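Take a look at this one chain, the form predicted alone, written out in structure tokens.
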């Protein structure tokens, strides 16, 4: 099946049957080291995840696959078919950061993986770990999960450069057919947002909220300006909530008109906010937000900003999922200048592994990982990025992971 990699002989495949993941006790899980600091943080995370799995009576059988510079050296291709085939075959993968050129070069491999595999939901939980320095007074109030649609909006990648035949042809068509004039020295991009993609991301977010006892789902959009794309996102979101989850949700309007502002037991409030307003809302009314659903670009900005509230991208986990498949990657980039120095903080990568455990249904293991990481930081056994703010014992990437493992065993 594979050209240049060989799956391990031991371990079993994760399956998807009757709408559910069937996860064996010894799943084969592919992993991608990626670029830059991936060489540091991925092995550190694997060390912690393997120990956490063993502690709950499981075993992960790791299978290395390739993307980025390492893949190009082996295959002459930054994203070989072997890699995509392995993720399809084994359903869940752990991925380190990949470098994306700005301007020219090849297209984002992260975006390509999402779109080729139709991993339509970028899910990023943002929560505070005690001991991490934060720019806000009450970071413990931050406990949100952002569901960001990944296949449409500007990330659909439909664009043409200034002066190209395609751009000029499109400009001529728009002016001739619709009277829309665009400056001839413009690059052109198209921003599609569909009912299908909107409803499935909102559906996933509401299901998550029901299953995890969350209190509200907020649709974040710029519908006051882009009425037929982002405004439609808002309308379609409310439609799927009312039509498919009527027994579970109430709107914010119903909350105040019918219930006096008191949320009935077992109900989830669905509401919406304009994107620019949402940024200050997360700062000034943090505790009012729980699960957030957005089109692609809004979610990209918002999730990075939210991570800043609790200490930054160095501790921010992330995932790209659909119901039957997931690729789990931290939010931060590849930071090539620090690669191989055993210096950077692997917390985001480790917590990304905890998020992967949740997807597998190993919630006990996920909680153990989170607790062990938080214990380590509270003990002030920290990498340079936190040490410069709080002091303590300065350690490298490997040593931090070792300390987390020791705390895991103490739980």
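Keep in mind that what you see is a predicted model, and the values were worked out from it rather than measured. Residue numbers count along the first chain shown, from 1.
There is another form of the same protein, the form predicted in complex with a small molecule; it is not shown, and what comes next is about it.
Peer 1: Kindly confirm or deny that 97, 332 and 337 each have some heavy atom within 4.5 angstroms of the small molecule in the predicted complex.
Peer 2: Each of the three qualifies.
Peer 1: Heavy atoms within 4.5 Å of the small molecule in the predicted complex: which of the stretches 227 to 235, 77 to 85, 273 to 281, 323 to 331 has them?
Peer 2: That would be 323 to 331.
Peer 1: Quick one: of 344, 42, 65, 49, which gets a non-hydrogen atom within 4.5 angstroms of the small molecule in the predicted complex?
Peer 2: Contact with the small molecule in the predicted complex is made by 344 alone.
Peer 1: Can you work out which of 125, 131, 314, 139 has a heavy atom no more than 4.5 Å from the small molecule in the predicted complex?
Peer 2: After the contact test, the surviving option is 314.
Peer 1: Test of understanding: in the predicted complex, would residue 385 fall inside 4.5 Å of the small molecule by heavy atoms?
Peer 2: Answer yes; at least one heavy atom of residue 385 falls within 4.5 Å of the small molecule in the predicted complex.
Peer 1: I'd like to know if residue 150 sits close to the small molecule in the predicted complex, meaning any non-hydrogen atom pair within 4.5 angstroms.
Peer 2: No, no contact at 4.5 Å.
Peer 1: Would you please decide whether residue 369 lies within 4.5 angstroms of the small molecule in the predicted complex, comparing each non-hydrogen atom pair?
Peer 2: Contact check for residue 369: no, nothing within 4.5 Å of the small molecule in the predicted complex.
Peer 1: At the 4.5 Å heavy atom threshold, is residue 110 in contact with the small molecule in the predicted complex?
Peer 2: Yes, residue 110 sits close enough to the small molecule in the predicted complex that at least one of its heavy atoms falls within 4.5 Å.
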